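As a starting point, one isolated chain is supplied in structure tokens, in the form predicted on its own.
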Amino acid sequence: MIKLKADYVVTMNEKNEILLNAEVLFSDKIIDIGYNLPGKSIYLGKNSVIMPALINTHTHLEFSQNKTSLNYGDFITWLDSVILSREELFISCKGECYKNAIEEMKKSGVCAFGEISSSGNDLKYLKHSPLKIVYFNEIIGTNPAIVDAMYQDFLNRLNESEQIQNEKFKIGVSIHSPYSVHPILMDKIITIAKEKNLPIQAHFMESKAERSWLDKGEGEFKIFFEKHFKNAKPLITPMEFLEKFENTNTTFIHCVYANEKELQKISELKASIAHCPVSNRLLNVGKLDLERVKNFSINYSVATDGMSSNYSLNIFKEIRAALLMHTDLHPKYLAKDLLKSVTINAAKQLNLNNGSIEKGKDADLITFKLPDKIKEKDFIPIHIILHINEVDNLYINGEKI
């Protein structure tokens, strides 16, 4: 057993409790939180903080070799550059590339992440990760002539990842988006997710181009599909797409252009949203209306997305960007929500038993020091976001990583 004591214990429980000069007792699970707990405590020092380790719900580590290969500024320009450079980036990202990506997340206090894998090439590099992973095998493809071949490739990848599941490595499935997956494939993958009780992730309403294409079959995507795939007709409506996810645990990624009816449907599905603010800014698609999301009682996380549309996998930098980007929201209250988005909210999305300091939860914890004393507890979340980039200690299942 280990007992740590800090000036501030940020529990991230449902009550958002912050305890002063408190202790956390744990082995692989949290045993107790409070004062005068049994055993000798390790005091972490002046202005020290203990809080749940962070969770990055949505990444594409296959693109981690990218620095300057892709073009930013608008969605279609970026997507064209992805089509051009994708294979080269995938091939060039090998062991050291994945190791560096994981190390950056680890330094920023991430204990777990959701990984979207479209090729399966990343599996051999990630299966021994020190961090927890939910590995989402992704399906992508609209050509009806090769539906069976794409499905078989997906099954092969899914089976390979299933074979290495353990307490740190779980699997899920990903349907890339309503514009890039044939409905027959969608149905097959969702059926598997239901049968195996797997979490699902799907990109949805990231750009104006997607909105115009799915609603009217017009706009930049029409030109894009004619150029690359000779497919100039949307295969599904946005609402038809959402309705397929009944009775699943699904996280929809981005949702910047989701309308009121679609957000209502996401709420009815008890689905979640992953918000990727830096990616949205670099692709110039706008920003998710977080107040509207909250009004529909939709659980949201903040995630870095991949290095295809970001400059960093540091989750503290991501929530800081969100804090500064959402200028219509009060920063003190937004800061609390943003910390929830990368702890307790994120744990729910990935079906993990962590994200808060509560009895029985996995002992996934981080410790660090704030630069000075905080006089009022309500301001601790905003100062964590403003001042912390890396943590002093990361514990996963009670083990110091």
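In this text, residue numbers run from 1 along the sequence as written. Keep in mind that this is a model prediction, so the values were computed, not measured.
Beyond the structure shown, there is the form predicted together with a small molecule, which is absent from this document and is the topic of what follows.
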Is Ile83 a contact residue for the small molecule in the predicted bound form, using a 4.5 Å heavy atom cut-off? yes
Non-hydrogen atom contact Ser272 with the small molecule in the predicted bound form at 4.5 angstroms: no
Partner proximity in the predicted bound form: Ser308 to the small molecule, non-hydrogen atom cutoff 4.5 Å: yes
Can any non-hydrogen atom of Leu79 be found within 4.5 angstroms of the small molecule in the predicted bound form? yes
Name the single residue among Asn249, Ser118, Ser129, Asn71 that comes within 4.5 Å of the small molecule in the predicted bound form, judging by heavy atoms. Ser118
Based on heavy atom distances of 4.5 Å or less, which listed stretch (355-363, 335-343, 370-378, 53-61) is in contact with the small molecule in the predicted bound form? 53-61
